[in-house]
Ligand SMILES: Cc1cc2nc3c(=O)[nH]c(=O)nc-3n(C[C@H](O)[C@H](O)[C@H](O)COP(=O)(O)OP(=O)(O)OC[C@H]3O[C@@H](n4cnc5c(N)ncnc54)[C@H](O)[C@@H]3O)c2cc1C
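Starting off, we have a lone chain in the form predicted on its own, written out as structure tokens.
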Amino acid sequence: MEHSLATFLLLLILISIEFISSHAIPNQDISYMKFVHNANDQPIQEKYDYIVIGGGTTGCPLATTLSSKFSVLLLERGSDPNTYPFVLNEETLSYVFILEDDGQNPIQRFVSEDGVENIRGRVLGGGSMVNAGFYSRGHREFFETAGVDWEMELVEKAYEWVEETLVSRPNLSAWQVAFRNTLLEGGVVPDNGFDLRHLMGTKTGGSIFDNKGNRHGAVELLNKANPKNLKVVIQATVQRIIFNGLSAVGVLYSDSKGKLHTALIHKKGEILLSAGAIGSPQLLLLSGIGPKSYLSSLKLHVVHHQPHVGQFMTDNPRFSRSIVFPFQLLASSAQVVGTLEKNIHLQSLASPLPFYPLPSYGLLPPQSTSITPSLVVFVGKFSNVSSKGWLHLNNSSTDSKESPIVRFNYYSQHDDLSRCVRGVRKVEDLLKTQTMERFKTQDLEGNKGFQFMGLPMPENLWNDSSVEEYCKNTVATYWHYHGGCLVGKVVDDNYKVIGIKNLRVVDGSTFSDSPGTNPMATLMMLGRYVGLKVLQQRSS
């Protein structure tokens, strides 16, 4: 119950956020729509040099990069974001959370076996079209432990390629200024000012929202594509990958009417799976790549025994503290981050919390207006999660539209609890700063304090077991889940599926850690980076 309340409070904040940033990027450029097509209108069979499955945060820059020299088909199960204009502006973002999941809207809901509510992007542009827009590059340890021999100069160029099109520097709202001062006063130093890099201390990060609150997600990277070489097909649900022996040769996808289409690759071509940490392992399993005994038990044809597909699933648990102020604050999304040792990240959001008095039958004067207190939430996560889970197919259905069964095993490893305990204690320290003192209210007896919402904090914060129990009782997602197709387990250091020709997985399912405060920047970088590496390898 407690994690549901925490999620509700966070989404309530998103409802009324108004984003402000300093230098403008023009309103969304939808030039890419010239080569976006509906799956219903596509031929029964086509052939391309490259097929990218998943038009999300990684798939869009990947397909764009490959199109510079080769023909590319990009398949996306969702619609284009213009169909749902509320995802294009920060003020109306929360609508995606309150809509019923009709199988078409931009977010697909699921509940893990842990009982924690979660979401998946289902729209061209993926998670970058439904998130809070905070942009920050990955941390050093991510690159050191990813199992990839990175060309760091190419990594830098790939980040810059993304940033020149999508990223703005935000003007801090009044609450974000106060939160920044709170972090610094609370010892989260140094003060790094504005920076897109991952840094210890306090900093203002980038945003993919412009000064009018318009979103510039990964979908706009398609505008950099060669329009003669790229076809984007939406409402195209890939059912499985087609193999000839141990070589991937094409994909079978269905349109919104259930009609099947086949897309094949030319000689020397490849299929690149970018369906995300849920979709990519699911599609590999449905296509016959996974544990032999498990696939056989589901009567699925086994193409290749791969015991690690769907394993090592990880989600970054969110801890939070919610406070009601008896006065109005302007809405504010997360623009500032404080990063502690062990990559513990702290952010905060604020929102007006309108209150409308119920009919009073003469108790209140006619035309009584509402009062507007505010809700402030301190939120935290840690990048390096030790607890690992798994993903299985839904035994009742082998339809890729159905969400698979996922368990993340939150806090099953004590290291994670220790990080949560440290983060919770730091939040409590921040609430004792002089900056926060002026936000306290006084009761009739003269006692000053905060009005908290949610499960009360343990009385003794230095009792580890009490705080650990608090962490477990309030667990919620930060929506940064990853794993299922790890480098060194399922794919090699070039993201090629081990034991299979012409098939790569390029997305967050290959991550063993979540890069930095928010993985979005690194996911877009990865699409560009791998695309450039594929072009290099093919030319040589």
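Given the structure is predicted, the values throughout are model-derived calculations rather than measurements. Numbering starts at 1 and runs along the sequence shown.
There is another form of the same protein, the form predicted in complex with the ligand; it is not shown, and what comes next is about it.
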Applying a 4.5 Å heavy atom distance criterion, does residue 203 contact the ligand in the model of the complex?
no
Residue contact check: residue 508 to the ligand in the model of the complex, 4.5 Å heavy atom:
yes
Would residue 122 count as touching the ligand in the model of the complex under a 4.5 Å heavy atom rule?
yes
So, residue 128 and the ligand: in the model of the complex, are they within 4.5 Å at any heavy atom pair?
yes
Among 323, 329, 132, 188, which has any heavy atom within 4.5 Å of the ligand in the model of the complex?
132
Exactly one residue in 238, 271, 313, 337 has a non-hydrogen atom within 4.5 Å of the ligand in the model of the complex; which is it?
238
Just one of 442 to 450, 114 to 122, 224 to 232, 259 to 267 has residues with a heavy atom within 4.5 Å of the ligand in the model of the complex, so point it out.
114 to 122
Can you name the residues of 478 to 493 that have a heavy atom within 4.5 Å of the ligand in the model of the complex?
479, 480
